[in-house]
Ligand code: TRP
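One chain follows as C-alpha coordinates, the form predicted alone.
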(Lines give C-alpha, C1' and ligand atoms only; values in the text may rest on other atoms or scores of the structure.)
Protein backbone atom coordinates (compact mmCIF):
# COMPACT_ATOMS: atom_id res chain seq x y z
CA UNK A 1 0.00 0.00 0.00
CA UNK A 2 1.42 3.39 -1.01
CA UNK A 3 1.86 5.83 1.85
CA UNK A 4 0.72 9.41 1.33
CA UNK A 5 2.32 12.20 3.31
CA UNK A 6 -0.08 14.94 4.43
CA UNK A 7 1.14 18.12 6.11
CA UNK A 8 -0.92 20.63 8.10
CA UNK A 9 0.34 23.84 9.71
CA UNK A 10 -1.46 25.68 12.51
CA UNK A 11 -0.55 29.36 12.93
CA UNK A 12 -0.03 30.22 16.59
CA UNK A 13 -1.80 33.56 16.91
CA UNK A 14 -5.20 32.73 18.38
CA UNK A 15 -7.46 30.44 20.41
CA UNK A 16 -9.58 27.86 18.51
CA UNK A 17 -13.37 28.17 18.50
CA UNK A 18 -16.14 25.73 17.61
CA UNK A 19 -15.94 26.57 13.91
CA UNK A 20 -12.23 25.70 13.84
CA UNK A 21 -13.01 22.37 15.49
CA UNK A 22 -15.74 21.35 13.05
CA UNK A 23 -14.12 22.76 9.91
CA UNK A 24 -10.46 21.84 10.44
CA UNK A 25 -9.46 20.06 13.64
CA UNK A 26 -11.94 17.18 13.70
CA UNK A 27 -11.65 16.20 10.00
CA UNK A 28 -7.85 16.48 10.04
CA UNK A 29 -7.57 14.19 13.07
CA UNK A 30 -9.94 11.68 11.52
CA UNK A 31 -7.87 11.67 8.30
CA UNK A 32 -4.64 11.12 10.26
CA UNK A 33 -5.94 7.74 11.44
CA UNK A 34 -6.09 6.24 7.95
CA UNK A 35 -3.72 3.35 7.45
CA UNK A 36 -2.09 4.69 4.28
CA UNK A 37 -1.51 8.24 5.56
CA UNK A 38 1.64 9.63 7.21
CA UNK A 39 0.60 12.91 8.80
CA UNK A 40 2.69 15.89 9.86
CA UNK A 41 1.10 18.54 12.09
CA UNK A 42 3.14 21.54 13.15
CA UNK A 43 2.66 24.71 15.17
CA UNK A 44 3.64 27.41 12.68
CA UNK A 45 5.22 29.76 15.20
CA UNK A 46 7.70 31.29 12.74
CA UNK A 47 4.75 32.20 10.52
CA UNK A 48 3.04 33.76 13.55
CA UNK A 49 5.90 36.25 13.90
CA UNK A 50 4.97 37.72 10.51
CA UNK A 51 1.61 38.98 11.75
CA UNK A 52 2.05 39.23 15.52
CA UNK A 53 4.68 41.08 17.57
CA UNK A 54 3.20 40.20 20.97
CA UNK A 55 5.43 37.51 22.55
CA UNK A 56 2.91 36.69 25.27
CA UNK A 57 0.16 36.10 22.73
CA UNK A 58 2.34 33.77 20.67
CA UNK A 59 3.50 31.89 23.77
CA UNK A 60 -0.07 31.48 25.02
CA UNK A 61 -1.38 30.48 21.60
CA UNK A 62 1.28 27.77 21.18
CA UNK A 63 0.24 26.30 24.51
CA UNK A 64 -3.50 26.48 23.80
CA UNK A 65 -3.22 25.09 20.28
CA UNK A 66 -1.03 22.17 21.29
CA UNK A 67 -3.38 21.35 24.17
CA UNK A 68 -6.42 21.66 21.90
CA UNK A 69 -5.19 19.34 19.14
CA UNK A 70 -4.05 16.69 21.61
CA UNK A 71 -7.24 16.97 23.68
CA UNK A 72 -9.32 16.56 20.51
CA UNK A 73 -7.65 13.22 19.80
CA UNK A 74 -4.48 13.86 17.81
CA UNK A 75 -2.29 10.84 18.53
CA UNK A 76 1.42 11.78 18.68
CA UNK A 77 2.28 8.10 18.20
CA UNK A 78 0.49 8.02 14.84
CA UNK A 79 1.55 11.45 13.57
CA UNK A 80 4.56 13.74 13.70
CA UNK A 81 3.47 16.69 15.86
CA UNK A 82 6.08 19.40 16.34
CA UNK A 83 6.82 23.10 16.62
CA UNK A 84 8.18 24.67 13.47
CA UNK A 85 10.82 26.52 15.51
CA UNK A 86 12.18 23.22 16.88
CA UNK A 87 13.26 22.07 13.40
CA UNK A 88 16.07 24.44 12.32
CA UNK A 89 16.51 22.56 9.06
CA UNK A 90 13.31 24.26 7.87
CA UNK A 91 15.02 27.65 8.03
CA UNK A 92 18.12 26.33 6.29
CA UNK A 93 15.96 24.96 3.50
CA UNK A 94 14.15 28.30 3.34
CA UNK A 95 17.45 29.95 2.43
CA UNK A 96 18.30 27.35 -0.22
CA UNK A 97 14.88 27.90 -1.79
CA UNK A 98 15.22 31.67 -1.49
CA UNK A 99 18.35 31.43 -3.63
CA UNK A 100 16.39 29.88 -6.51
CA UNK A 101 13.27 32.02 -6.00
CA UNK A 102 12.68 34.83 -8.52
CA UNK A 103 11.71 38.11 -6.86
CA UNK A 104 8.94 38.51 -9.42
CA UNK A 105 7.24 35.43 -8.01
CA UNK A 106 7.04 37.04 -4.59
CA UNK A 107 5.74 40.27 -6.16
CA UNK A 108 2.71 38.29 -7.31
CA UNK A 109 1.91 36.77 -3.89
CA UNK A 110 -1.62 37.63 -2.78
CA UNK A 111 -0.69 38.87 0.70
CA UNK A 112 1.97 41.22 -0.63
CA UNK A 113 -0.29 42.56 -3.39
CA UNK A 114 -3.09 43.11 -0.87
CA UNK A 115 -0.73 45.11 1.34
CA UNK A 116 0.39 47.21 -1.63
CA UNK A 117 -3.22 47.84 -2.69
CA UNK A 118 -4.14 48.95 0.84
CA UNK A 119 -1.17 51.32 0.92
CA UNK A 120 -2.09 52.75 -2.49
CA UNK A 121 -5.64 53.39 -1.34
CA UNK A 122 -4.33 55.15 1.77
CA UNK A 123 -1.90 57.24 -0.28
CA UNK A 124 1.11 55.60 1.38
CA UNK A 125 4.31 54.26 -0.14
CA UNK A 126 3.45 50.88 -1.65
CA UNK A 127 5.84 49.03 0.66
CA UNK A 128 4.90 50.88 3.85
CA UNK A 129 4.76 48.42 6.72
CA UNK A 130 5.77 45.48 4.54
CA UNK A 131 8.43 43.34 6.21
CA UNK A 132 10.60 40.76 4.49
CA UNK A 133 8.71 38.19 6.53
CA UNK A 134 5.45 39.17 4.87
CA UNK A 135 7.07 39.52 1.45
CA UNK A 136 8.78 36.15 1.38
CA UNK A 137 6.67 33.99 3.67
CA UNK A 138 5.56 31.78 0.72
CA UNK A 139 9.18 30.56 0.62
CA UNK A 140 9.01 29.59 4.31
CA UNK A 141 5.75 27.80 3.59
CA UNK A 142 7.42 25.98 0.70
CA UNK A 143 10.23 24.88 3.01
CA UNK A 144 7.68 23.55 5.54
CA UNK A 145 6.17 21.38 2.82
CA UNK A 146 9.29 20.30 0.92
CA UNK A 147 11.31 19.49 4.04
CA UNK A 148 9.15 16.41 4.44
CA UNK A 149 8.18 15.97 0.78
CA UNK A 150 4.49 16.13 1.59
CA UNK A 151 2.26 14.83 -1.19
CA UNK A 152 -0.91 16.58 -0.05
CA UNK A 153 -1.43 19.90 1.76
CA UNK A 154 -4.98 20.74 2.93
CA UNK A 155 -5.47 24.49 2.43
CA UNK A 156 -8.14 27.09 1.96
CA UNK A 157 -8.70 28.33 -1.57
CA UNK A 158 -6.76 31.52 -0.77
CA UNK A 159 -3.64 29.40 -0.14
CA UNK A 160 -3.65 27.48 -3.43
CA UNK A 161 -1.30 30.05 -4.97
CA UNK A 162 1.33 29.21 -2.35
CA UNK A 163 1.19 25.51 -3.20
CA UNK A 164 1.71 26.43 -6.86
CA UNK A 165 4.73 28.51 -5.83
CA UNK A 166 6.03 25.56 -3.79
CA UNK A 167 5.79 23.33 -6.85
CA UNK A 168 7.63 25.93 -8.93
CA UNK A 169 10.44 26.23 -6.38
CA UNK A 170 10.73 22.46 -6.12
CA UNK A 171 11.06 22.16 -9.90
CA UNK A 172 13.65 24.94 -10.03
CA UNK A 173 15.78 23.33 -7.33
CA UNK A 174 15.51 19.90 -8.95
CA UNK A 175 16.54 21.39 -12.31
CA UNK A 176 19.46 23.46 -11.01
CA UNK A 177 20.93 21.03 -8.49
CA UNK A 178 19.32 17.66 -9.12
CA UNK A 179 21.64 16.34 -11.81
CA UNK A 180 18.85 14.09 -12.98
CA UNK A 181 17.60 13.38 -9.47
CA UNK A 182 14.37 14.81 -8.11
CA UNK A 183 15.03 15.79 -4.51
CA UNK A 184 11.53 17.17 -4.07
CA UNK A 185 8.16 15.74 -4.97
CA UNK A 186 5.59 18.21 -6.29
CA UNK A 187 2.88 18.66 -3.65
CA UNK A 188 -0.80 18.93 -4.40
CA UNK A 189 -3.19 21.36 -2.73
CA UNK A 190 -6.27 19.74 -1.21
CA UNK A 191 -9.14 22.20 -1.15
CA UNK A 192 -12.00 20.72 0.83
CA UNK A 193 -15.00 22.19 -0.93
CA UNK A 194 -17.39 20.28 1.34
CA UNK A 195 -15.72 21.16 4.64
CA UNK A 196 -18.31 22.39 7.08
CA UNK A 197 -18.34 26.16 7.42
CA UNK A 198 -20.05 26.65 10.73
CA UNK A 199 -22.30 29.70 11.15
CA UNK A 200 -21.73 31.97 14.10
CA UNK A 201 -24.19 33.45 16.55
CA UNK A 202 -25.54 35.87 13.93
CA UNK A 203 -25.70 33.42 11.01
CA UNK A 204 -22.59 34.70 9.28
CA UNK A 205 -19.49 32.51 9.03
CA UNK A 206 -18.12 31.92 12.51
CA UNK A 207 -15.11 34.21 12.78
CA UNK A 208 -13.36 36.23 15.46
CA UNK A 209 -13.38 39.18 13.09
CA UNK A 210 -17.20 39.14 13.30
CA UNK A 211 -17.19 38.61 17.08
CA UNK A 212 -19.75 35.83 16.62
CA UNK A 213 -17.84 32.76 17.78
CA UNK A 214 -18.80 29.93 20.12
CA UNK A 215 -15.85 28.95 22.35
CA UNK A 216 -14.44 25.46 22.08
CA UNK A 217 -12.92 25.02 25.55
CA UNK A 218 -12.34 28.56 26.80
CA UNK A 219 -14.64 29.43 29.70
CA UNK A 220 -15.85 25.87 30.19
CA UNK A 221 -19.44 24.60 30.20
CA UNK A 222 -20.90 27.95 31.24
CA UNK A 223 -19.30 29.87 28.37
CA UNK A 224 -20.57 27.29 25.87
CA UNK A 225 -24.11 27.49 27.26
CA UNK A 226 -24.10 31.28 27.35
CA UNK A 227 -22.93 31.48 23.73
CA UNK A 228 -25.55 29.03 22.46
CA UNK A 229 -28.24 30.99 24.31
CA UNK A 230 -27.24 34.08 22.30
CA UNK A 231 -27.75 32.42 18.89
CA UNK A 232 -30.02 34.66 16.83
CA UNK A 233 -33.37 33.11 15.84
CA UNK A 234 -36.61 34.43 14.39
CA UNK A 235 -39.53 35.67 16.53
CA UNK A 236 -41.77 32.62 16.22
CA UNK A 237 -43.15 31.49 19.57
CA UNK A 238 -43.29 27.96 21.02
CA UNK A 239 -46.05 26.04 19.26
CA UNK A 240 -45.56 27.92 16.00
CA UNK A 241 -43.96 25.93 13.14
CA UNK A 242 -40.30 26.79 12.43
CA UNK A 243 -38.53 26.50 9.09
CA UNK A 244 -35.41 24.30 9.61
CA UNK A 245 -33.98 25.35 6.25
CA UNK A 246 -33.62 28.98 7.29
CA UNK A 247 -32.45 28.41 10.88
CA UNK A 248 -28.66 28.45 11.26
CA UNK A 249 -29.16 26.82 14.66
CA UNK A 250 -30.07 23.69 12.68
CA UNK A 251 -26.77 23.87 10.78
CA UNK A 252 -24.93 23.89 14.09
CA UNK A 253 -26.98 20.93 15.29
CA UNK A 254 -26.24 18.98 12.11
CA UNK A 255 -22.47 19.36 12.69
CA UNK A 256 -22.72 17.19 15.82
CA UNK A 257 -25.76 14.95 15.34
CA UNK A 258 -26.37 11.61 13.68
CA UNK A 259 -28.72 11.63 10.65
CA UNK A 260 -31.63 10.18 12.66
CA UNK A 261 -31.20 12.88 15.31
CA UNK A 262 -31.18 15.59 12.65
CA UNK A 263 -34.37 14.27 11.05
CA UNK A 264 -36.13 14.19 14.42
CA UNK A 265 -34.89 17.68 15.35
CA UNK A 266 -36.16 19.15 12.09
CA UNK A 267 -39.54 17.46 12.53
CA UNK A 268 -39.92 18.82 16.05
CA UNK A 269 -39.13 22.34 14.89
CA UNK A 270 -41.75 22.07 12.17
CA UNK A 271 -44.18 20.86 14.85
CA UNK A 272 -43.56 23.94 17.00
CA UNK A 273 -40.57 23.18 19.25
CA UNK A 274 -39.61 26.43 21.01
CA UNK A 275 -36.28 28.07 20.32
CA UNK A 276 -35.29 27.88 23.98
CA UNK A 277 -35.79 24.11 24.02
CA UNK A 278 -34.02 23.80 20.65
CA UNK A 279 -30.99 25.67 22.02
CA UNK A 280 -30.94 23.43 25.09
CA UNK A 281 -30.89 20.35 22.86
CA UNK A 282 -28.06 21.82 20.82
CA UNK A 283 -26.14 22.55 24.03
CA UNK A 284 -26.65 18.99 25.32
CA UNK A 285 -25.43 17.54 22.03
CA UNK A 286 -22.33 19.71 21.74
CA UNK A 287 -21.48 19.39 25.43
CA UNK A 288 -21.60 15.58 25.21
CA UNK A 289 -18.87 15.65 22.57
CA UNK A 290 -16.74 18.41 24.05
CA UNK A 291 -16.84 17.59 27.78
CA UNK A 292 -14.32 14.71 27.71
CA UNK A 293 -12.03 16.76 25.46
CA UNK A 294 -12.35 19.79 27.72
CA UNK A 295 -11.21 17.70 30.68
CA UNK A 296 -8.13 16.55 28.75
CA UNK A 297 -7.49 20.13 27.63
CA UNK A 298 -7.61 21.37 31.24
CA UNK A 299 -5.16 18.65 32.23
CA UNK A 300 -2.69 19.69 29.53
CA UNK A 301 -3.05 23.37 30.38
CA UNK A 302 -2.34 22.59 34.02
CA UNK A 303 0.78 20.58 33.10
CA UNK A 304 2.51 22.34 30.20
CA UNK A 305 5.63 20.25 30.86
CA UNK A 306 3.74 17.27 29.43
CA UNK A 307 3.05 19.23 26.27
CA UNK A 308 6.71 20.19 26.10
CA UNK A 309 7.80 16.56 26.33
CA UNK A 310 5.37 15.50 23.58
CA UNK A 311 6.43 18.34 21.29
CA UNK A 312 10.12 17.67 21.81
CA UNK A 313 9.55 13.98 21.05
CA UNK A 314 7.74 15.13 17.90
CA UNK A 315 10.62 17.38 16.90
CA UNK A 316 13.01 14.43 17.35
CA UNK A 317 10.86 12.44 14.90
CA UNK A 318 10.76 15.35 12.48
CA UNK A 319 14.49 15.98 12.67
CA UNK A 320 15.15 12.28 12.19
CA UNK A 321 13.87 12.88 8.66
CA UNK A 322 15.02 16.47 8.21
CA UNK A 323 18.67 16.13 9.22
CA UNK A 324 19.71 13.42 6.75
CA UNK A 325 17.69 15.02 3.98
CA UNK A 326 19.28 18.39 4.67
CA UNK A 327 22.72 16.76 4.50
CA UNK A 328 21.85 15.55 0.99
CA UNK A 329 20.66 18.98 -0.05
CA UNK A 330 23.83 20.59 1.28
CA UNK A 331 25.83 18.08 -0.73
CA UNK A 332 23.79 18.89 -3.83
CA UNK A 333 24.41 22.64 -3.67
CA UNK A 334 28.14 22.22 -2.95
CA UNK A 335 28.20 22.80 0.82
CA UNK A 336 30.32 19.70 1.28
CA UNK A 337 32.91 18.51 3.73
CA UNK A 338 36.45 18.49 2.45
CA UNK A 339 37.27 14.80 2.30
CA UNK A 340 40.81 13.49 1.89
CA UNK A 341 41.73 12.51 -1.65
CA UNK A 342 43.27 9.14 -2.41
CA UNK A 343 46.27 9.05 -4.69
CA UNK A 344 46.65 6.10 -7.01
CA UNK A 345 49.67 5.38 -9.23
CA UNK A 346 49.09 6.23 -12.87
CA UNK A 347 51.18 5.42 -15.93
CA UNK A 348 51.45 8.32 -18.37
CA UNK A 349 52.03 7.98 -22.11
CA UNK A 350 55.80 7.58 -21.58
CA UNK A 351 55.28 4.70 -19.17
CA UNK A 352 56.40 6.78 -16.21
CA UNK A 353 54.41 6.55 -13.01
CA UNK A 354 52.79 9.79 -11.94
CA UNK A 355 50.69 10.41 -8.86
CA UNK A 356 47.23 11.51 -9.83
CA UNK A 357 44.58 12.25 -7.25
CA UNK A 358 41.51 10.10 -7.42
CA UNK A 359 38.56 10.23 -5.08
CA UNK A 360 37.37 6.75 -4.14
CA UNK A 361 33.63 6.30 -4.33
CA UNK A 362 31.53 4.93 -1.48
CA UNK A 363 30.11 1.49 -2.23
CA UNK A 364 27.88 -1.29 -0.95
CA UNK A 365 29.09 -4.87 -0.57
CA UNK A 366 26.62 -7.75 -0.29
CA UNK A 367 27.55 -11.19 1.01
CA UNK A 368 26.31 -14.31 2.74
CA UNK A 369 27.66 -15.50 6.09
CA UNK A 370 28.09 -18.99 7.50
CA UNK A 371 24.81 -18.57 9.42
CA UNK A 372 23.02 -18.68 6.07
CA UNK A 373 21.80 -15.07 6.29
CA UNK A 374 22.44 -12.33 3.78
CA UNK A 375 24.17 -9.06 4.76
CA UNK A 376 25.46 -5.86 3.27
CA UNK A 377 27.91 -3.22 4.40
CA UNK A 378 28.45 0.34 3.28
CA UNK A 379 32.05 1.34 2.68
CA UNK A 380 33.13 4.97 2.70
CA UNK A 381 35.60 6.77 0.39
CA UNK A 382 38.42 6.05 2.86
CA UNK A 383 37.69 2.27 2.85
CA UNK A 384 36.10 2.40 6.30
CA UNK A 385 33.01 0.29 6.90
CA UNK A 386 30.39 2.89 7.82
CA UNK A 387 27.25 0.78 8.06
CA UNK A 388 26.66 -2.90 8.80
CA UNK A 389 23.28 -4.42 8.04
CA UNK A 390 21.29 -6.93 10.04
CA UNK A 391 20.93 -10.41 8.61
CA UNK A 392 18.21 -11.15 6.00
CA UNK A 393 16.65 -14.51 5.24
CA UNK A 394 16.54 -13.71 1.52
CA UNK A 395 19.17 -12.07 -0.65
CA UNK A 396 16.53 -10.02 -2.41
CA UNK A 397 15.63 -8.36 0.92
CA UNK A 398 19.23 -7.28 1.37
CA UNK A 399 19.39 -6.07 -2.25
CA UNK A 400 16.15 -4.12 -1.89
CA UNK A 401 17.55 -2.15 1.04
CA UNK A 402 20.79 -1.48 -0.81
CA UNK A 403 18.80 -0.03 -3.72
CA UNK A 404 16.64 2.01 -1.37
CA UNK A 405 19.67 3.53 0.34
CA UNK A 406 21.32 4.23 -3.00
CA UNK A 407 18.26 6.00 -4.38
CA UNK A 408 16.89 7.75 -1.28
CA UNK A 409 19.99 8.03 0.87
CA UNK A 410 19.68 9.72 4.23
CA UNK A 411 15.91 10.14 3.84
CA UNK A 412 15.41 6.44 4.71
CA UNK A 413 18.42 5.91 6.95
CA UNK A 414 16.44 6.27 10.19
CA UNK A 415 14.27 3.27 9.29
CA UNK A 416 16.96 1.10 7.71
CA UNK A 417 17.96 -2.22 9.38
CA UNK A 418 21.57 -1.11 9.86
CA UNK A 419 23.95 -0.03 12.62
CA UNK A 420 26.84 2.42 12.53
CA UNK A 421 30.16 0.73 13.07
CA UNK A 422 32.34 1.76 16.00
CA UNK A 423 33.80 5.25 15.75
CA UNK A 424 31.66 6.28 12.78
CA UNK A 425 29.67 9.50 12.99
CA UNK A 426 26.23 9.89 11.47
CA UNK A 427 27.41 12.90 9.46
CA UNK A 428 30.10 10.72 7.80
CA UNK A 429 27.43 8.27 6.66
CA UNK A 430 25.17 11.04 5.37
CA UNK A 431 28.01 12.64 3.40
CA UNK A 432 28.96 9.30 1.87
CA UNK A 433 25.36 8.48 0.92
CA UNK A 434 24.97 11.90 -0.66
CA UNK A 435 28.23 11.48 -2.57
CA UNK A 436 27.08 8.10 -3.85
CA UNK A 437 23.70 9.51 -4.95
CA UNK A 438 25.30 12.38 -6.85
CA UNK A 439 28.04 10.28 -8.46
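All of these numbers come straight from a predicted model, not from anything done at the bench. Positions refer to the first chain, counted from 1.
Just so you know, the form predicted together with the named molecule exists too; it's not on screen, but the next bit is about it.
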property	result
Contact stretch among 138 to 146, 169 to 177, 292 to 300, 205 to 213 - heavy atom within 4.5 Å of the named molecule in the model of the complex	138 to 146
Listed residue that, although the named molecule is not shown, lies within 4.5 Å of it in the model of the complex (heavy atoms), from 366, 159, 323, 363	159
Heavy atom within 4.5 Å of the named molecule in the model of the complex - residue from 44, 386, 29, 413	44
Non-hydrogen atom contact residue 155 with the named molecule in the model of the complex at 4.5 angstroms	yes
Heavy atom of residue 437 within 4.5 Å of the named molecule in the model of the complex	no
4.5 Å heavy atom contact, residue 11 and the named molecule in the model of the complex	yes
